[in-house]
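So this one's two forms of a single chain, laid out as structure tokens and tagged structure 1 and structure 2.
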Structure 1
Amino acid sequence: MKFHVLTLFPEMIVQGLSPSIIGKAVEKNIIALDAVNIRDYTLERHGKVDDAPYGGGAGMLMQAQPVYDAYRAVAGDRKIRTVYLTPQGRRFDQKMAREFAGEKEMILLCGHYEGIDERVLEEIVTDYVSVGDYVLTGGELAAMVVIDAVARLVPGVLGNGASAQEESFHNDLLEYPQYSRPEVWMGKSVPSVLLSGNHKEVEKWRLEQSVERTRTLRPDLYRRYEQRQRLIGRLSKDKRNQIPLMECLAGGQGRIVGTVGEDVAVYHRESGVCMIKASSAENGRYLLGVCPQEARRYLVSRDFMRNLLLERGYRELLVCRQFLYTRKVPLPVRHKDIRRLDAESLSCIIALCGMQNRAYLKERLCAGALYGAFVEDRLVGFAGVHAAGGVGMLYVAEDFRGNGVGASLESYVINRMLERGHIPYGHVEPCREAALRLQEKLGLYQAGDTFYWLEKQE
């Protein structure tokens, strides 16, 4: 991925990012960073790029011509996603970072003084983005925040094989305290549990510390955490059917948008999916009414909910059976050459399964959520984790079906989810008999409900 930054202070961008992990990724050609000096494109002989605003007022305004020419020097006649960093923009968050990570190139425009001539913004900007409700002296710091957040989602940037998709930083809990050598420093010892080698006890201690730290320092976050935990407890009484809601909440990605009695609607922010548990049509109507307008898809498990959505103009995508793996024991993976795929694998995936769902597969690749099986360096199959959290996207080349590649791929993904403390689950269409047999073979349990995926029609 390549970042172009249009700025009056290119050295600030380069020096600010070079010493970091981002700088190392640039050195390894995993990402590219191009800091473009807007002053190089001014027609004013003294290098001036600003002038007084029409209508009067304090301060100076960046002129349209040098900004536009700097943009054209980068983009030419191409349409490149161009982000203007401004307090008036959409609030930057992890969902937006993932969205940007799907681009091959992007331009970040850094304003100064009292801003930039509106005419050039209308001409070149595709996204207005804010990193917070405050004013900076320029857009460079904001641009570096965006680059850092986006670049680390590009496979290979973190450099340790960890997937940004699997991180659970946004679960409403502050991080637990951490310790390194020496074991005793200034009379203070490392907590004994961290030296025990008992990973289960270590994880338990870390959770307890995170909860207590959040309760003390951020009671607002703690209240949200408590609410989610209470709801997860209620949903666990019907675990096989409610596992998508439970996992969405447990991972901190789900926002409770409405409750009525024992029923609930949860919005999965990163995927744009609303999941609804409703015991009556009346409750279902209420919960649909409080779901956010930006929700693109719905996951429901009652015929009356399906019908309510169809009446509202949604179209049915899938009718599925739900399976979940409740054991803690990892599954055997017989096919040994399975690797995490990156954005460069998209052409291989298209060659394998065609153009269907290309944009979505690209998004999952950029999230580091797809894994491929290889035979002599040929990609023969892939599987991964959907944006909303379920195992899926399993596909095996026709000449390799029936020899265990699919079972190994699904087992591999399930094991990765187990490592992160998740309960793996997935959805399978009833007509896919081979996939249904595979779930039974791997020891997954089938839920009693039928599940419906519906999508908003554009």
Structure 2
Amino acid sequence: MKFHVLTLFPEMIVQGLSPSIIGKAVEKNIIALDAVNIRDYTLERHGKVDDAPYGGGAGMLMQAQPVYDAYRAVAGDRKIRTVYLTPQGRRFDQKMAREFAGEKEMILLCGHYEGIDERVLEEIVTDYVSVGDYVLTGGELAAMVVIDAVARLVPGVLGNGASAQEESFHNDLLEYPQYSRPEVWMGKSVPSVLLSGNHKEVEKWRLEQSVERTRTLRPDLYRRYEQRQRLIGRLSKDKRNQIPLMECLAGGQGRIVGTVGEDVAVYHRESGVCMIKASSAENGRYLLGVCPQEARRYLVSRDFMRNLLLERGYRELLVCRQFLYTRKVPLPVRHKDIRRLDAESLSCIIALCGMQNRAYLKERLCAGALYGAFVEDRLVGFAGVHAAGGVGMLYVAEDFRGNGVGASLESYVINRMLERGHIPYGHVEPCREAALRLQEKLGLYQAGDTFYWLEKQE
């Protein structure tokens, strides 16, 4: 991703970000940062870029011409998302950061003095964005806030370990308190549970702390959290059918976009998947209406839902049976050399299974969600966790099939899911007989309706 910043103080942007992780990512060419000095584009002598406002009043305004020419020098005839940092803008938040992270390129425009001539703003700005309610001397710090928040979402900027951490991030909850050495500082001890070595107790304590902090400090976030927990409680009465929805909510990545009675639509933004539980076509129609525009895929489990989507021009991707692993005990893994894969394995994966689904596999790889089986350092198979939470993507090299590599891979992924407190589930097409047999062999049982995956036609 490329950030262009139009500013009177380019060194503020470049030097401000260069010591940080964002600066390292620039050095590694994972992102690009191009700070453009608006003053370089003035046609007036002495580098003048400002003038007094018509109608009078205090202070000066940045003039339209240098801003426009700097913009054209960057954008040419291309249409690029252009953000003006201004106190009048929409408040910047994590959702907006995610949206911007989907762009290939963006332009950030920083104001100075009393602001910028309205006419050039009308001409070039696509988004007005504010970082908060306080007076600043210029838009540069605001632009740096936006760049920092957006850039860290670009795959590779934080590296594998950190992006995997987001998986366990309890959305809607504030962070719990943390402690490091020494054990006693200024007479204050580290809470004893953290020294107990009991992983389960530690997790429980941390969740309690997060919940309590959120309840007292951020009642707005807490309401969302409570609504989600209540829904998970209701869905758990129909676990066999509702595991994907429950998992998506429990993971903290699913957003409830609508409810009618006992029915609900949940949007999983990372995968662009909408999951709908509807008990009637009427409710289904309503819930489809409230799903976000950007939803690319739907997971539904009733014929009338499937038909509603087909009527709306969606394409059927898969018709699946659902398998659940409801025991808590880890599965034995016979194949010894299985490891988490990183972005460098992409070429091995493509060599193994061809180019199909390349973009999706790359995305899962960068998210740290794929695991590989090796024989003498050769990748002979892989499996992982889908963006929406299911276990799958199982593939074994033809000359290694029938050796239990597939069973080991799936068992390994299931064990990782169990460690993180998930209920492992998978969707398998009825025609894939080997995969169906494997599910039974591993002790997963078929549960619930037939599930339909449908995709928006591009």
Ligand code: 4FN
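We call the rigid core the largest set of C-alpha positions that still match within 1.5 Å between the two forms. Each residue is numbered by where it sits in the sequence of structure 1, with counting from 1. Everything quoted here is computed from the prediction, not taken from an experiment.
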item	value
Which of the two shown is the form predicted in complex with this ligand	2
Per-residue C-alpha change between structure 1 and structure 2, residue 229, threshold 2 Å, rigid core fit	no
Core-superposed C-alpha of residue 286 shifting 2 Å or more between structure 1 and structure 2	no
Large Cα shift (2 Å or above) at residue 438 between structure 1 and structure 2, core-fitted	no
Shift in Å of the residue 132 Cα between structure 1 and structure 2 [rigid core superposition]	7.7
